[in-house]
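Only one chain is given next, in C-alpha cells, and it is the form predicted alone.
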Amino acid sequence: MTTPARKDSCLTCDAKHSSALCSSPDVVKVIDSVKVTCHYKAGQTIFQQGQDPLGLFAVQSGLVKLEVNSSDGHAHTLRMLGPGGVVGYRSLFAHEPYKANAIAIEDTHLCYIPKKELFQVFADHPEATLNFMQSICKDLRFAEEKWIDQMDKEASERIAEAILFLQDHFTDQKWTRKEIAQWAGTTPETVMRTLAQFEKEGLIDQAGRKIIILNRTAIQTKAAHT
C-alpha cells in the first residue's frame, strides 16, 4: 500500500453520500476515526492479484478499475469505481487472496479501513451491514448482466454499449481503445475498426482519444441485442 497521504475528514467528504459504508452519521464518525487516506497516481497499482487483503478501500476521489488477466494473457476490466465505490471487499470477506488487480486510472484518493476495525463497525452497527449487503447485491446484478451481454452480444454491440456506459458514468475520462476493448471483452483492433465504421456512418466523431457521440439513438440501437 502507498504511503498515507493525508487524514481527510469523512464528515466533509462528498463521497459519503454514495458510499456503501457510510450508512449513518454514527458509522461515518467511527470510520473517520480509524481510516487512513492514501494517494495513488494515475497508473499506479493499489493491490495485485494474489495478494492477501488486510482491509478495505473506499474511493474518495478519482477512478479505479478492477482488472483480471486471463490464462492467454489478455486483460479484462471487471468494474470501474468512482467516488463512493468500495474496492476489495469480495476477497476480504471470502478470506482469500485478491483475484484481480486494482489500478488507479487517474490520480485517486482512497480511504483505507483495516480489517479488524471494519469488522467491528459491522458488529456494532447492524444497519451498516445491511446497507453494505444491498450494495453487494447490486454489484452482483450488474456483474451478471455484463456476463450475459458478453455471451449474447456481438463485438460491435458490446463496443456501442461500452462507449455509452463509460461516457455516461465517467464523463471526464478519455478512454483508450485498449481500455474500451478490456471493458467490452474484445481486442483493441476490433474496437478501432468498429469505431471507424461508426464514424463512417455518422454516429460518432473521433478526435484523438475523445469520442463524441453524434447520434445517441442509433448507438443505443446498436447496443441493444435483438
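Quick note: we count residues from 1 along the sequence shown, nothing fancier. Here the structure is a predicted model, which is why all the values come from computation and not from measurement.
There is also a form predicted together with the DNA; it is not shown, and the following applies to it.
Mind telling me which stretch in 62-70, 49-57, 170-178, 32-40 gets its heavy atoms within 4.5 Å of the DNA in the model of the complex?
Of the options given, it is 170-178.
Is Ala155 one of the residues lying within 4.5 Å of the DNA in the model of the complex, judged by heavy atom distances?
Taking the distances in the model of the complex, the answer for Ala155 is yes, it comes within 4.5 Å of the DNA.
May I ask you to state whether Asn215 is within 4.5 Å of the DNA in the model of the complex, using heavy atom distances?
Asn215 lies outside the contact set for the DNA.
Should Arg209 be classed as touching the DNA in the model of the complex when contacts are defined as heavy atoms within 4.5 Å?
Yes, Arg209 sits close enough to the DNA in the model of the complex that at least one of its heavy atoms falls within 4.5 Å.
Answer yes if any heavy atom of Lys116 is within 4.5 Å of a heavy atom of the DNA in the model of the complex; otherwise answer no.
Residue-level check for Lys116: no, no contact with the DNA.
Can you tell me which bits of 192-224 touch the DNA in the model of the complex, meaning any heavy atom within 4.5 Å?
Residues within 4.5 Å: Met192, Arg193, Ala196, Gln206, Arg209.
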